[in-house]
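This document contains two forms of one protein chain, each encoded as structure tokens and listed individually as structure 1 and structure 2.
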Structure 1
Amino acid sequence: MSNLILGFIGEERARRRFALAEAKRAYDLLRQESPEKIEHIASSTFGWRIKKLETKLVRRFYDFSVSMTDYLRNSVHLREPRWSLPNRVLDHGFVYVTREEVARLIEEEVRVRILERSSRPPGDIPRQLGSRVDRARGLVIKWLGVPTKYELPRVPVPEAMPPCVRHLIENLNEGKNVQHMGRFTLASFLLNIGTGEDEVVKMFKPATDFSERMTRYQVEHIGGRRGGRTKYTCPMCTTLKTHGVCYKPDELCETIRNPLSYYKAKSRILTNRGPKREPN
């Protein structure tokens, strides 16, 4: 009997720890997303009433306003004074929030939802924690996962790709013409993060002028298997900017000088080994 109880307590602790970890992961992912995507996730996945605001009051830029109800449901768990309602800008039932704050509020929403879902008493024999974790993880990925509109290359952490690379993949998939510098950037980026050559070639298939033979040749060349046997690295951000490949740089972009460093830094964040959430 006592073993059984202990088992449950152990699970409860793990449950909380897991919910917290997944929620933090959600925060790290969201914090760097585009405002459009954040708005979409908040409204369609969590049913928030959220409005695009894009207003600067003194120095702070408020991307959104969220309904007081959605705000309070999550903010009441946050203890810092900046979350208390009297310290917020409240306009006709909507609270002004920055993009980072929306991510933080969603983190809270995710944490509570995972706890709620996993605390439902199991109908049959209690499942092992592992499968429950998998189930909940699937849930989180469903909520926050990258859209399935186009296929992403099989790279270790697809969410960690910088905005420019994502944009290139998007353009290729939509059949838009991608210039040489763009193709070179995509291929060299993917090869450098360890994507197989076949996989890289596949990425160019949707292009209107796709020739498997030519593409393979170029990819092998960039990868250093042909020509001068030099493995090409990914172009620097400054180069990409001059060639118009740089696309909607985010906060992290400002701290790096090469898309590969972006990928490295973001992977670290996403796998929870990154720097702590910025204090404020």
Structure 2
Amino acid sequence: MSNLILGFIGEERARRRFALAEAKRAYDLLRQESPEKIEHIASSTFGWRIKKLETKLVRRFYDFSVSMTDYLRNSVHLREPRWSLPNRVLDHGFVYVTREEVARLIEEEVRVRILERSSRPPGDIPRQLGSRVDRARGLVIKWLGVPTKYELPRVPVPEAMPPCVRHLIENLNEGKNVQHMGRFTLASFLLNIGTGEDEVVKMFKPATDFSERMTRYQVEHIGGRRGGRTKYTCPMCTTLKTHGVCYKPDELCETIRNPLSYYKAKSRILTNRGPKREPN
């Protein structure tokens, strides 16, 4: 019923927040279950090919082996290096995983399935659901506000932002989940090119797990106002590639090693080009 109502509302931010919340709840519950119950849920509910490991030597480090197909389908959006297939132990088409890693993979399966099932259904809203949809739409607007059009933050030269930073901002604006490295990259980049802390905090508001108190603390920490009082710089491009943050690099990207260098170089190009003059 919840998925159907969300589909009729058609609010992308609400869909993604609901899917993430339900997925995290499933993760917390699964961590308390026995290995036998986890194996049963993964195989019977989601159709996974999963085996509980029995060899004592292997069980010192891993609890299950999951088919490569099921593993890749659910780890593709997990950007941490440990999820990359070359960093895993494989055995005849199966990937070794721990109990907590299986729970995390199932969390991702739940999130994606809810997003699929809460997509806009065909036809008009049934009369029986009309009042519920209206009430739910009102709650969405109350807690998330009216959707705003995507805008770049106020910076000296917004046109000089590198593709990776623009992509991060677009993902946040659409309510998509941005991993820790992506958030750190965005915050450190904006702060280092002169964006105010309030403006940076505002950029994270559409995030599905947004908390203004926590976001402000982290932004101030990155900016050097908290913690060790060290202002962090933006990660190198090699680091961003490792964590899957690099996005559609252009020709200028091939000549620089850091998003801040891209911004400086592109700013000079745009400044030197200057406004076009009208012919006499």
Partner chain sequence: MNPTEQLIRQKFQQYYLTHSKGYYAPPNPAEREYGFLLFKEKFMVRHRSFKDPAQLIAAIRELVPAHVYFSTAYYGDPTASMDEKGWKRADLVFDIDADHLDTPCKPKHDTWKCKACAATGKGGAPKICPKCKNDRLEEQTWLCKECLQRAKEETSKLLEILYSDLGINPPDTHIFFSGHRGYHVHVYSKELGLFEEEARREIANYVLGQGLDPELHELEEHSVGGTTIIEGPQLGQPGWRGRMTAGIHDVLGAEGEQYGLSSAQTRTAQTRTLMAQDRDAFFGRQFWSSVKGIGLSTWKILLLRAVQERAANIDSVVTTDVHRLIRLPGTLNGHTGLMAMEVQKEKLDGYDPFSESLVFQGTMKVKVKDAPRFELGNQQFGPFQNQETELPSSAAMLLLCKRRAEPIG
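On a predicted model such as this, the values are computed, not experimentally measured, just so you know. Numbers given to residues start at 1 and step along the sequence of structure 1. Rigid core (definition): largest C-alpha set, two forms, superposition within 1.5 Å.
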item: Of the two forms shown alone, the one predicted in complex with the partner chain; value: 1
item: Yes/no, residue 265 Cα shift of 2 Å or more between structures 1 and 2 with rigid core fixed; value: no
item: Core-superposed C-alpha of residue 183 shifting 2 Å or more between structures 1 and 2; value: no
item: Exceeds or equals 2 Å, Cα of residue 164 between structures 1 and 2, core fit; value: no
item: Rigid-core-superposed Cα shift at residue 63 between structures 1 and 2, Å; value: 49.5
